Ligand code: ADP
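Just one chain is shown here, as structure tokens, and it is the form predicted alone.
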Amino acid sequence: MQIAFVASECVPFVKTGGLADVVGALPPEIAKLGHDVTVYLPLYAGVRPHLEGEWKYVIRSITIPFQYYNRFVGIVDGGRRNGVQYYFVDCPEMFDRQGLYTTRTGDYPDNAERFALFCRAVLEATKQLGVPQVFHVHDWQTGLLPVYLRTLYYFDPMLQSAGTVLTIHNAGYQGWFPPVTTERLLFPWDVFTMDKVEQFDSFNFLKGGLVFSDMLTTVSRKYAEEIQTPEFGHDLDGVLLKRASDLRGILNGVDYAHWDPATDGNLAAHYGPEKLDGKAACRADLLHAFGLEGIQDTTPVIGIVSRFASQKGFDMVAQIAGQLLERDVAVVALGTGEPFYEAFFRDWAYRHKDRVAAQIRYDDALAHKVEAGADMFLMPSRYEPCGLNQIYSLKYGAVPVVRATGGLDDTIEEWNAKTGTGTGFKFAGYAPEALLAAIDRALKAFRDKKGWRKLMRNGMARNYSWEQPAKEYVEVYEEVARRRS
């Protein structure tokens, strides 16, 4: 099959979140299965250093019309990597900027135009470079591609048989724009209705993608169920309920080439499930990096690597902070985010220098050290479409303590000391006392050293590579192709 991934970010070129990890890892796995895979991305300023040598334009100029003017884009050949062909949409006035979506003062005011241009440019480019059987688009930034395909391009004979799959990485981000966006992007006004792109008198990019795509996926089985409810659907639950038969929950994989304590170059020592001794050296290295060398070996270290936001459950952490330190624990936290929670972690660490340390930044190497050195890893998210850190934690023997939501619920099994089964600790509901109770269960288990090593090994034995998810995505592509044939 021919599959074209269309996304706003992708490692190693550009990244703001988990979307980039998925688009970086999944296409090569699809290619390994024998399929022809292409990835289309915007040519942001940050991408330029990743393009080797002199740029090669495979298409010099494509005209993209808007209401009162035209813009002109080129398509740059990004070469083949791991069996995947990369192309970049070059439009400097739209993408050659410091940030991807926002400035310090908020979203770029022309985001609707930027990503509409990107979607149309990809459609036009494929007519010269090869129309795929399936376009796989991701999140609101590319949600308009299926809308264009089934409206303005409906009668284009080259594109009529192409199918579309949209993956929802986080339903909370939708791309809301004023009604006038409809005519600015040259759509007929009959698209701006409740059963299409209109949502609360706004033009909603993600909703358009949900309505017009052939099939939908999201990043875990549990999240596929959750987004069909008012609590997690962010006002799109009704649309998703109507499309329930076309929605698949496919758990994200992780790249074990970069996340494996047996080979990780960021660690003070290597280790694996059969030889855990190196984890002690990693724990000492972590405590040194955070200035907590005085922590005793019998004191468990709780690690946090996250965006500091209420969505991640840090309102509950703040509420139990005092009670948590009544226990024999140490806490290390790494991340950035909302100013309130950055201030909370700074203050918590300042008031308890001997047991709490926080670094308000993101450092990939240090994130690896947290996973390897921590005894437990905390993820009490309000909602978590998939989550990757809990999967990294399993591999690194940092026992996860999580809320039972989204991918956290799918990947973590509650520890049962009697049977020796399970991989971590999780709690239902959204209450500080439930979080504290889960931590207490983990602290109790930690005191049983033999049982704890069994628990660690259970998690380290789990395999969440991209191999199985890739096969599931191919099944979705094949279903879409059948529908369009």
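The first residue of the shown sequence is 1; numbering continues from there. Computed from a predicted model, the values in this text were never measured in an experiment.
Although it is not shown, the form predicted together with the ligand is what the next lines describe.
Looking at 160-168, 267-275, 67-75, 359-367, the stretch with residues near the ligand in the predicted complex, meaning non-hydrogen atoms within 4.5 angstroms, turns out to be 359-367. Of the heavy atoms in residue 330, none are within 4.5 Å of the ligand in the predicted complex.
Although the partner is absent here, residue 176 is not a contact residue: none of its heavy atoms lies within 4.5 angstroms of the ligand in the predicted complex. Proximity of residue 259 to the ligand in the predicted complex: non-hydrogen atoms within 4.5 Å are present. At a distance threshold of 4.5 angstroms between non-hydrogen atoms, residue 312 is in contact with the ligand in the predicted complex.
With the partner removed from view, the residue among 301, 388, 100, 316 that has a non-hydrogen atom within 4.5 Å of the ligand in the predicted complex turns out to be 388.
With the partner omitted here, the residue from 140, 341, 415, 392 that has a non-hydrogen atom within 4.5 angstroms of the ligand in the predicted complex is 392.
Using a 4.5 Å cut-off on any heavy atom, the residues of 322-355 that reach the ligand in the predicted complex are, in sequence order, 334, 335, 336.
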